[in-house]
Ligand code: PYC
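Single chain ahead, by itself, as structure tokens, in the form predicted on its own.
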């Protein structure tokens, strides 16, 4: 291996990082983004580790790599990378990536105000609003989301019984609502959420082992969402803290998580098609979400959700990964 340079544009979506690789990403064959994801994981995962892990990244680092789309009805292909892996879909990552691509002139929309994206989970349509060269808001029309398993009882060593729902919004989420052994987000510090989440994820995965019924490459509980209905902002409907990776808490309200939570609430009769759902993050930033339509996933009731949010570009980064560096592939302190 020779030194390899990546041209990155750094941004954040409502507080959570998005490092967009605009140049230097691995060359992948002309194939669907779902197939490219598998090839990337097999042959090029060192790129993710080098750019997301320390010393070039950190425990909460998240990003994307831009590609020409395989689908003719899309204008941009996106591969999502973060400390937890190469995801099928990432909501905050989409909002940040679209903002970067538009503001830096990396994509030209066929129609002003609209873009069609190809991501590993499928086609995702977005609308955007901008003032001059700056993007004010991006709204994602996410893939079909559904409640996969309801009222799953698990025993968490040291914490006790939890009853959780497993819901899909582009990734599988274990959703923990207030109950006997979880009094709500105000009852747990961020450090406690980081402590308990990997254990919860492990026991829920063992109990459910979710697999997407239309794509068996999408499987496994990857995120834990701790929620309550007592937001701090009067504009918000509910509050959440999403855990991913080994010790990361999403600083944004989480786009695929918001989709999964809306699907859960619709399935349980707490939201309806057309309803607005404003989701607040652990730091108080918000996504303006809607249940756009009813849908089905392999015969299961599902919804078509949308998520509106903002991102800000804050820097450009030329990162060289040099094999002479003993830590070229990055590291994590777990």
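Positions refer to the first chain, counted from 1. The shown structure was predicted, so the numbers you read here are calculated from the model rather than taken from an experiment.
The discussion below concerns the form predicted together with this ligand, not included here.
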Taking 4.5 angstroms as the heavy atom distance cut-off, pick the stretch from 195-203, 102-110, 230-238, 250-258 that is near this ligand in the predicted complex.
250-258
This ligand contact in the predicted complex: residue 96, any heavy atom under 4.5 Å
no
Look up in the predicted complex whether residue 223 has a non-hydrogen atom within 4.5 angstroms of this ligand, and give yes or no.
yes
Would residue 244 show up as a contact with this ligand in the predicted complex if we use heavy atoms at 4.5 Å?
yes
Check residue 121 for me: does it contact this ligand in the predicted complex (non-hydrogen atoms, 4.5 angstroms)?
no
4.5 Å heavy atom contact with this ligand in the predicted complex for all of 168, 176 and 265:
no
Contact residue in the predicted complex, from 87, 138, 143, 164 (heavy atom within 4.5 Å of this ligand):
87
In sequence order, which positions of 53-86 have a non-hydrogen atom within 4.5 Å of this ligand in the predicted complex?
82
